[in-house]
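Given as structure tokens, the chain that follows is alone and in the form predicted alone.
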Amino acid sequence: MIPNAPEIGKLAFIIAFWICAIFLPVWAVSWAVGVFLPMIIEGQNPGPELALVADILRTATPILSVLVFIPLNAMFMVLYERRALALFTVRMGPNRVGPDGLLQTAADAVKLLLKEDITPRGADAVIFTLAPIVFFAPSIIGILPILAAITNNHPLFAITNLPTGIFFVLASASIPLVALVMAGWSSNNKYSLVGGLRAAAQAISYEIPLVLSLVTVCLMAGTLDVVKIAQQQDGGFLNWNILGGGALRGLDAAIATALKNQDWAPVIQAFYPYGAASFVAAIVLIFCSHILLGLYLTGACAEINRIPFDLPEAESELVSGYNTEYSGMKFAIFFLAEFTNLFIVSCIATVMFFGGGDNPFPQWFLDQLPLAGIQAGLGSALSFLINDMRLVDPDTFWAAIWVIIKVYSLVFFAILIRGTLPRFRIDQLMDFGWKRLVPLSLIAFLLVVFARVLVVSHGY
């Protein structure tokens, strides 16, 4: 019997409920604003004014979907983290409000919103109020270029795609640091000020390896466009950037040929296509890709102040750090943004390293499965929704399913890290960033430059 099996079942039930509670409203809003209302308007033979209204509705769809998604997702992730931590530490977790604690975070949200909003005596009221707003704003604007990648460049979200999308995301990710310093300085509290200064030092230290890891992936992909980076990884896990940014891309066709002809010589040739140099270069790219993923995940945890990098809050030392003096709605905004940022960094990792919304199973593997009958049944069942009401876009639907699985798996990994590792000391934090991660990121960058040149020169 699996240890703690009832708690695992309850966690699975909570995940299933909240995934539906999050994504069905987001889907409904996106469809109503971006498809249904413009379809009605355009069906009335509209003039230029009504056509403009339809275009405005389509343009507003990404923003409205994000605004619906953020609060619902944050409530789920708080409960997801609390139940997962309880599972790791063999405790019960929230289990009173709603079935198995299903509505606990909804009750917590109502409690926070009804609490009194207090501004401390001696605080700079304007900056104190602006800090949570500045901290939260990048959670909305920073995810927009990623929307196009995770929805398989759906027409409603293609407007958010930028040729230099990853730079836009990185620029947005640097704004919350300003907000933390604002919050710490304006609170008129020594613990808050120390927390804000720690946040600044930590961000400066860990942004360098984080940015270098993503820039190196862009170098392997040959583009800064997140949609193109995701599309390059189509075809199963062998094509993902986690396996060398395409260094194994010829294996799919080789394995398919080998299965068809029962001849494995093409697979050996795909491993060793142009001699020892290309083989060594491919191995170096695969090794560096795993190093880059580790650098990114480490830097991302430090950027969003997750354990073991939660020095800016450090309850045992600084009470609560930069948000010690915050209460009510302002504290809720900080709380909301922190969990949204965790979701965003997991989305970036999914797009840059794990193929975005790509099915992880290669086509040659799917061809071995008896899926024809299932696909035909699903096709007939969904034909009305797809063709008549345009409620479902099959490409976007399946891409979204895989993105959800990958992103929340990375979130689960981040929760596991929180339940496993202790907090760094501040000197350990700085030493680890400057003496280990920064040199390692530079070495990985140089290795990828030379390995990629070698692979490309040999015909990949």
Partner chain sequence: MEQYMMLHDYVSNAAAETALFYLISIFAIIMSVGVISDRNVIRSGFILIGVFGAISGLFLLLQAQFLALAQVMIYAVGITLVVVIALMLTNPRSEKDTSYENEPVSKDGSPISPFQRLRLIGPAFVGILSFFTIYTAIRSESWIASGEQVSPDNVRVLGTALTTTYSLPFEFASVLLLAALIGAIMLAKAERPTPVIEIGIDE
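What you are looking at is a predicted structure, and each value in this text was computed from that prediction instead of being measured. Numbering follows the first chain given and starts at 1.
The same protein also exists as the form predicted together with its partner chain; that form is not shown, yet it is the one meant from here on.
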{"item": "In the model of the complex, the residue from Leu219, Leu72, Leu197, Ile133 that sits within 4.5 Å of its partner chain by heavy atoms", "value": "Leu197"}
{"item": "Interface residue in the model of the complex among Ala109, Leu293, Ile204, Val280, criterion: non-hydrogen atom within 4.5 angstroms of its partner chain", "value": "Ile204"}
{"item": "Residue stretch of 354-362, 293-301, 205-213, 237-245 approaching its partner chain in the model of the complex, non-hydrogen atom distance within 4.5 Å", "value": "205-213"}
{"item": "Exercise: Phe167 in contact with its partner chain in the model of the complex, heavy atom 4.5 Å", "value": "yes"}
{"item": "Residue contact check: Pro99 to its partner chain in the model of the complex, 4.5 Å heavy atom", "value": "no"}
{"item": "4.5 Å heavy atom contact, Gly122 and its partner chain in the model of the complex", "value": "no"}
{"item": "Proximity of Pro155 to its partner chain in the model of the complex, heavy atoms at 4.5 Å", "value": "yes"}
{"item": "Val284, Asn305 and Phe339 all contacting its partner chain in the model of the complex, non-hydrogen atom within 4.5 Å", "value": "no"}
{"item": "Residues of 345-363 having any heavy atom within 4.5 Å of its partner chain in the model of the complex, listed in sequence order", "value": "none"}
